[in-house]
Structures are given as C-alpha cells and as structure tokens.
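One chain comes next, on its own, written out as structure tokens in the form predicted alone.
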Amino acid sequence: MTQPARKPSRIQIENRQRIRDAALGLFATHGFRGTTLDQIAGACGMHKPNLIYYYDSKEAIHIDLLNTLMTEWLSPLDAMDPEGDPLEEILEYIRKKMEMSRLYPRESRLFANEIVQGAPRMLPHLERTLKPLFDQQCKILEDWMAAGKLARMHPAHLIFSIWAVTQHYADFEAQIAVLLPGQDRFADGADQFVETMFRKLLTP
C-alpha cells in the first residue's frame, strides 16, 4: 500500500522560502544565466549541498518562482468581470497592476528577463495559461467596444499598452531613480496620471 506523502515541516517550508527569496533577488538582478547555485546558497546562508536537498538545480528554483509569479500576475486580469462597468473594470485592473509594480518589482523583472530571453522555461505555461485567458479577456473588451461602452480600439494592443505602462515602474526602477532623484518612483501622482490617461483613452 502506498504511503501518503509526508507534509513538509515548518523548517522545510521556511528554508524553501529563504531559497526562493534569495534566488529572486539574484535572478531579477543578474538574470538566469548570470546567477549560480553557489550565489543562491551564499545569499540564503546555506551550504550548497543543503540547498540541493530542496532544489536540484537553479532551473528548478527559477521555474518554481516563475510558476508562482504567473498565477499571481494573471489573477487581476482574470478578475475582470464581464458583467461589471467596463471602464471601472479596466481601471481597477490598471490600479492592481500599478500596485503590483510597487510591491513586487523583483518579480516583474524576473518575468521580463525570462520573456526577453525568449521564454525558454515559460513558453509552455504561456501557451497553456496566458493565451486562453488573454483571448477570453480580449473577447470581453471587444464585446464592450461593440456595445459602445468603451472607445473602439484593438483589444490586444490595449492590454499590451497597460502592461507596458504599469510594469515600466517596476522593470525600469533604476532608470526612474536617475531621472527623478530622491523621489519615490510613484511620487508626483504616477497612479493618477496612468489612470487619467487610460480613462481618457477608453471613454467613448
């Protein structure tokens, strides 16, 4: 009789999280190719053999981080309600995307680095998870536009534009720090500017 899998202990859960946190910072800064298991082990205060007990390769850590990120990253898009007020649904999505850029800049850069490299580890996930959701939400936008509830435009490029604008505040954090020295990158009404821009664009 097959024994049920044992649940990980509290220490095991904590150690996996330590590894993930350390790897996230390194991957976001140096990319997948520029990061080594030795660097990850040093950053999380473990010996390399201890780290390998939890993850047998840096690719395993990277994929674990990306899979978790995809689930969290797509949840605001998935939450767009086809029965809600179209403009408010999109603006709420934009607010959530700005909040994610504020709270999770490393995660955003991790994903951006993966995509820039051609999505070698994420392509199946993009095809299985992102593509169906993207098509579904584009159809919702298309229906709203056809009903005259939103200004007419290409729904796919609208979503691309939302991603480009909101994730800029995470992916280009270092550039913003140079251009706006001594300021928080969300200072001077960044959220309000982005929301106002899309409100004017989308209002019929």
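Everything numeric here is computed off the predicted structure, so don't read it as measured data. When you see a residue number, it is the position in the sequence shown, counting from 1.
Absent from the display: the form predicted in complex with another copy of the chain. The rest refers to it.
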Contact with another copy of the chain in the predicted bound form for Gly34, defined as at least one heavy atom pair within 4.5 Å: yes or no? yes
Taking heavy atoms and a 4.5 Å cut-off, does Glu88 contact another copy of the chain in the predicted bound form? no
Is Lys139 part of the interface with another copy of the chain in the predicted bound form - any heavy atom within 4.5 Å? no
Hey, in the predicted bound form, is Met80 touching another copy of the chain, heavy atoms inside 4.5 Å? no
Go through Thr68, Ser57, Asn50, Gln175 and name the one with a heavy atom inside 4.5 Å of another copy of the chain in the predicted bound form. Gln175
Listed by sequence position, which residues of 146-176 have a non-hydrogen atom within 4.5 angstroms of another copy of the chain in the predicted bound form? Ala151, Met153, His154, Ala156, His157, Leu158, Phe160, Ser161, Trp163, Ala164, Val165, Gln167, His168, Tyr169, Asp171, Phe172, Ala174, Gln175, Ile176
